[in-house]
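Encoded as structure tokens, the following chain is the form predicted alone, with no partner shown.
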Amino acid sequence: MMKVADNKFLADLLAGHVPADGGDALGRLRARAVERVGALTVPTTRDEDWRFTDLAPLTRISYQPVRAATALTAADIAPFVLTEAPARLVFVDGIYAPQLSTPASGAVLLSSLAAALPAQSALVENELGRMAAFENNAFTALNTAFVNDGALVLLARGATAAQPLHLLFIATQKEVAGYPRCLVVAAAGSSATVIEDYVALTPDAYLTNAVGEFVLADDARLNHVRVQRESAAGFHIGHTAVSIAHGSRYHGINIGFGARLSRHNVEVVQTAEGGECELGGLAMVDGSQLADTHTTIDHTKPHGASRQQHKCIVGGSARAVFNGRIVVRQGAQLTNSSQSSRNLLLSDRARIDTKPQLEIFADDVKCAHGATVGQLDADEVFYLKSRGLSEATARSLLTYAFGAEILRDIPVASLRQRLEQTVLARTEIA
């Protein structure tokens, strides 16, 4: 029996979103997740992993289920369409919108999860919910409890997606809870670029609770760009889980500009020798926003390599949190891993909490980490002013350059340019 009364916020969400009964694999997975929600509670600042992030503003709102999808047109989503990515799935408040989507079939399958079943039932049973563990995560459990659709990307053995695949999630309704889900499975020797994009067409408060699972087989290559540009009043909770195998390479870029409060957990596990991971991140917040990023790169086998660079730009009275954890397990010899956390404060009221961590249980490794928090370099500002720029323009230009170092690695030109314009607008030199 679920003890949902122990946590009213979770109980209210469960009351509004009752998953359908079912004896199939998906139904059993949802049932297990519902049970876990009943045993868990919403994290508080007394929990070590949440000590800088108070979820009280999120839990004060009573969220309702999405009763009906908002009817959007091609013109409504035009500002978010990427010309380089003709294959696209669109979800509106978590509901698949086939009239706005252009799925793909064949060696590169891009489909809604519901449409791919039952043809892919065995794969879904094996992979969905395997990497994104929900036993101790209330938000991941909630997402899993109500997953009956989502974005599915399957790359056949040796397949290459010639163009990026775009997963677009749009929030449109006030005070609703949406549960986007992504499952990407890259077979041996395959490669693709996947854009996971969260946007809003409402200025109001709502909850996006998103989970993505990315499974790379031997020698697979995956570029994954995750962009969170939600409403300034919205709330975003995200969980990205990645598995890399022998010789595979995962390159993830995480951009966070939106939401009143956002939390993103990234977990990468190297499951075989020679797996490689590269993570880039940029959080840019101001006003009273809070952006919290927690990452774990877990090297469990020898000859692994990882590199991570995360940046935060914080203005106003906003706050950014970064906790980066690298684990090298016993036996994971000859691991080469580095982590950098660089942070820029734009006001006296802004705050950044950064905590890079190394946990090493092997003795033949090369690992390094570092963190900096500071303001713009006065000498650099002076140099630009001496070349005729105003102080405001000099500071804005330097702030833009600080963030652009992450954005330049995005392999989709139109998306990169739009995000650069966002940074330019926020630095007031557009």
Partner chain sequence: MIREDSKTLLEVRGLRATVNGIEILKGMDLTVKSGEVHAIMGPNGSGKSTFAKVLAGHPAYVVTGGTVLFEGKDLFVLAPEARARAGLFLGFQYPIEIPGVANSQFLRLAYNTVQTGRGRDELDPLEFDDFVREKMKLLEMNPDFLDRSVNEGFSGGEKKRNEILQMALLEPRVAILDETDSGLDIDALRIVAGGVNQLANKDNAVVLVTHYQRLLNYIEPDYVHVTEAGRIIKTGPKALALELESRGYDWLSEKPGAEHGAGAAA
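Positions refer to the first chain, counted from 1. On a predicted model such as this, the values are computed, not experimentally measured, just so you know.
If you look for the form predicted together with the partner chain, you will not find it shown, but the lines that follow are about it.
Proximity of Y63 to the partner chain in the predicted bound form falls outside the 4.5 Å heavy atom cutoff.
In the predicted bound form, the partner chain sits beyond 4.5 Å of every heavy atom of F361.
Not displayed here, the partner chain is kept clear of K366 by more than 4.5 Å at the level of heavy atoms in the predicted bound form.
In the predicted bound form, E391 approaches the partner chain with a heavy atom inside 4.5 Å.
Think of it this way: in the predicted bound form, the partner chain has a heavy atom of just one of E405, D49, E35, D54 within 4.5 Å, and the residue is E405. A heavy atom within 4.5 Å of the partner chain in the predicted bound form is found for one listed residue only; from L376, A371, A31, L384, this is L384.
In the predicted bound form, every residue of the candidate spot (E380, L398 and A401) has a heavy atom lying within 4.5 Å of the partner chain. Of the residues in 321-349, none comes within 4.5 Å of the partner chain in the predicted bound form through any heavy atom.
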